[in-house]
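Before any questions on how it binds or moves, here is one chain, the form predicted alone, in structure tokens.
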Amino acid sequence: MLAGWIRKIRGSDNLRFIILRDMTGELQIILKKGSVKEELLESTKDLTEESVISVEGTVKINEQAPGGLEIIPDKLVVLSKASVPLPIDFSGKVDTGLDKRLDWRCIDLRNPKRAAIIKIQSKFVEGVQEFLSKNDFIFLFTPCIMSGASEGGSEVFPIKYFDKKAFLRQDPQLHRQLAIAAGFDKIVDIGPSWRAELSHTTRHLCEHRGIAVEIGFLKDETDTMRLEEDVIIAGLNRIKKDCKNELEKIGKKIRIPDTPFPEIRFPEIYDILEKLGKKIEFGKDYDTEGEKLLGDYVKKKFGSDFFFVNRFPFAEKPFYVMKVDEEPQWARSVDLIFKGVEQSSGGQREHRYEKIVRQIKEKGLDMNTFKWFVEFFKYGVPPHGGFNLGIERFIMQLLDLDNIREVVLFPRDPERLVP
């Protein structure tokens, strides 16, 4: 038995063709007077496109048919008849705006090109998981509900937690560090985070998912960079191997990048940007424009779409980042940039209790808010670090999509809370 959605119906009362679609592809059903039961022809006369049916019969090879196969049915059951007209056209014949498509997201995803994006994203994560599992990483699940803002900022969603005030996490960072303190020195946490930003850009979401990796006993932040390269290449190799049809549908090819990825550092970045016509105040971070300029610079100089930015100004980074001891103005903080857009933040964390306490005070944060985290560092924590790679943003850049919402099953942004 085969089952799926009717993509197309054509023909006459004596000869009818039905194109059936499911997750694996398409198949042609042929109902010809004299070759099938009369009641079958009659029962399919009023069928509508996107109705769900099941069919049993004789399968034949037909290279001209969709999917290279056709079926002559002995039995056909209508499981769910679709109303007409459909609320949106997902065939591509009509240019439907993104907002309207997202209002009817389930139907929008019936478009093979839209579905291909979701499948490619799935295979990327699958490849990453397989690589990390083979390299003895433990998969953990850290809390999504926090007692305080994990990065000390205001871009958090407050929630009512019985009689207490709580927040949806900005990042699973702090609990990953505590897992290292507990003795799990190779961990990964794949899950959601939230940012209460009133951002209406094509690359921001209020809810996003990341691949958060942390390792203990590292030499310095460069160990996290080498690991992130391996993670990305594992995911890309899986897409290249398993998503030939999906890549063909959206007209994309995957190129595996050379390693190591180029690295540029502060304070040299100020000179690079100034030569490119953008002046940044010394000790400050660059903005979105600067990010793109650096992407163009690296592409031209090194021929790479990927590069790391290292040694950010500590003043621009969270309290838990490790300073460079001999140059405390700079942090062992690393961003990965891909095609001119930030993909992850990471680097080496501060593991020395006295320095963490000092950095919390330096940031003007309330020590009591982070006591639950900091106290464990009195009792022996190894040097450690990691990164959190944004899944949706990475796939958006990989496939050169115009909007990150195309990658998300059901996006959440400042205006969208349904479906």
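The structure displayed is predicted, hence computed values, not measured ones. The first residue of the sequence shown is number 1, and the count goes up from there.
Unshown form predicted together with ligand ATP; subsequent notes refer to it.
Among K252, R110, H208, K292, the residue placing a heavy atom within 4.5 Å of ligand ATP in the predicted complex is H208.
Think of it this way: in the predicted complex, ligand ATP has a heavy atom of just one of D223, E229, D171, D89 within 4.5 Å, and the residue is D171. Contact check for E197: a non-hydrogen atom falls within 4.5 Å of ligand ATP in the predicted complex.
Using a 4.5 angstroms threshold between heavy atoms, I395 stays clear of ligand ATP in the predicted complex. Shown alone here, I404 lies within 4.5 Å of ligand ATP in the predicted complex, counting heavy atoms only. In the predicted complex, ligand ATP lies farther than 4.5 Å from every heavy atom of S333. The candidate stretches are 255 to 263, 183 to 191, 130 to 138, 342 to 350, and the one lying within 4.5 Å of ligand ATP in the predicted complex by heavy atoms is 342 to 350. With contact defined as any non-hydrogen atom lying within 4.5 angstroms of ligand ATP in the predicted complex, the contacting residues in 377 to 395 are N388, G390, R393, given in sequence order.
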